[in-house]
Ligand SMILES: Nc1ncnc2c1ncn2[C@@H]1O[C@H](COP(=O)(O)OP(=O)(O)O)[C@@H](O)[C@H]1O
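Just one chain is shown here, as structure tokens, and it is the form predicted alone.
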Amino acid sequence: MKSLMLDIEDIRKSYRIGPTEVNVLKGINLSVATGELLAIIGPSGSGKSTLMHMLGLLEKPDSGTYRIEGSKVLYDDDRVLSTLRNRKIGFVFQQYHLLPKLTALENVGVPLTYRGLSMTEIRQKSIEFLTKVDIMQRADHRPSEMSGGQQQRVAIARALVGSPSIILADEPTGALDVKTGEEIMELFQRLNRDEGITIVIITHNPELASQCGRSVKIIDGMIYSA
């Protein structure tokens, strides 16, 4: 039996908009096994982006319990949370979020600059992961000199370079054409299958979700089996 990478119990989150309190997450329960490729699928407004923020330690829940690799997340020290996020979680977004003035190689190395590694070590690891996602040939190119698919490969290398416990991918093929999207999904599948990387993909796309090992639905702030 595989160990749990993530485990959330009764996570709730609401926001106040003027005089109205909007309940976005209404008691989410979700476990992700180590080495799993999971899709969380839901329509716009279902709460999936808020759930992504919770999983990524970008927001604090109103109540509930979150464990990463068996350890309970405590929210009372922002520095501890930042370190946990930097070391345990890699992010891939729909719009890539690469720094425009940096090359692909420099972009990949950004997460490592907070760890006190030497420039030589950062460069070596950046080259390693650009090679791993088949984009080393663009190492010296800036984002404006790359296609969307190439930028997303760089973003995936950046997510992987710190050897995180889990990758969270938010609509990772949403800004790509169909063929390029298929190539990115094949890359996720390969990384999961060959290297055992735990990946959670948040999407509204049923076809994308069907290519994952397991999928769950989020509807109106609640998780259901797909």
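The first residue of the shown sequence is 1; numbering continues from there. Since the structure is predicted, the reported quantities are computational estimates derived from the model, not experimental observations.
The following text describes the form predicted together with this ligand, which does not appear among the structures shown.
Looking at G27, you'd find every heavy atom of it more than 4.5 angstroms from this ligand in the predicted complex. Using a 4.5 Å cutoff between non-hydrogen atoms, T198 does not count as a contact of this ligand in the predicted complex. Heavy atoms of T50 reach within 4.5 Å of this ligand in the predicted complex, making it an interface residue. By the criterion of a heavy atom within 4.5 Å, G174 is excluded from the residues contacting this ligand in the predicted complex. Heavy atoms within 4.5 Å of this ligand in the predicted complex are found in exactly one of 40-48, 62-70, 187-195, 156-164, that being 40-48.
Contacts with this ligand in the predicted complex, taken as any heavy atom within 4.5 Å, map within 6-35 to Y15, I17, V24.
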